[in-house]
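Next up: a single chain in structure tokens, the form predicted on its own.
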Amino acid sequence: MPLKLSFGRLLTAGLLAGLIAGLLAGGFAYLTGEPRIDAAIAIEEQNTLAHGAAGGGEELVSRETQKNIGLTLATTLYGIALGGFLATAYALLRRRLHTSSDTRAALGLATAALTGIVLIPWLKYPPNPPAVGDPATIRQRTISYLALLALGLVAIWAGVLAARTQTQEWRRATAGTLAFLIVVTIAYTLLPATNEVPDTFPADLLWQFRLASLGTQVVLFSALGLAFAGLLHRLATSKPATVDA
């Protein structure tokens, strides 16, 4: 039976889980992503000098500050925000998740979020290092990315609804998968493709950066789901038992 906790306690658990996840993701990004960003920036500076242009001028925030403080601060704040959203989603959707396990409910929501707002956009619009891309198309790329992010969540929702129209397990899996893939295929077909990576940019460096970026998100959402589930379990075992009848 699902726990019956006040929204304040759920939100506190979500924010704490987000803090933990953000710190872990920041550490992962520092170890795997920052060396690739440094390499990409070095290539950009070499290209700038080769074309006889002046340097980029004085930085508003130094690169070292960005790496050592800015990165961890950004992932931590992002994790805390996601933790708040996860707790809110849990409070609103818990009764509709059709599971008696709070751990499965928490991990299911985190997995759905990872799939809808990370994996689906990543496959269509994989991230590029900061030194790659045309600044003139930032607005168009941002709109396309946000549209795909929303459609990714719609795909998850469509898959769940389709699965619940069936009674047999294999039919639920088939219906859910088909509905999910139909929405994703439509989204991928309608939204424009972008490829602004210069042919001269090292393919292995680009691939390593993209994997590091995806790995950071996987660490973040995995840690968020596990930490939130763990905190829910702690609340369930430390408080006087109050559950839904």
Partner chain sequence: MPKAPTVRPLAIPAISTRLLLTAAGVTLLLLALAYLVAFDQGALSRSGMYMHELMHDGRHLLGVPCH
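Since the structure is predicted, the reported quantities are computational estimates derived from the model, not experimental observations. Numbering follows the first chain given and starts at 1.
The next section is about a form of this same protein that is not shown, the form predicted together with the partner chain.
Only one segment in the set 167 to 175, 79 to 87, 107 to 115, 152 to 160 has any non-hydrogen atom within 4.5 angstroms of the partner chain in the model of the complex, and it is 79 to 87. In the model of the complex, the partner chain sits within 4.5 Å of a heavy atom of Leu232. When the partner chain is considered in the model of the complex, Ala236 lines it closely, a heavy atom lying within 4.5 Å. Shown alone here, Glu45 lies farther than 4.5 Å from the partner chain in the model of the complex, counting heavy atoms only. The partner chain in the model of the complex comes within 4.5 Å of a heavy atom belonging to Gly70. For the stretch 95 to 113, the set of residues having any non-hydrogen atom within 4.5 angstroms of the partner chain in the model of the complex comprises Arg95, Asp102, in sequence order.
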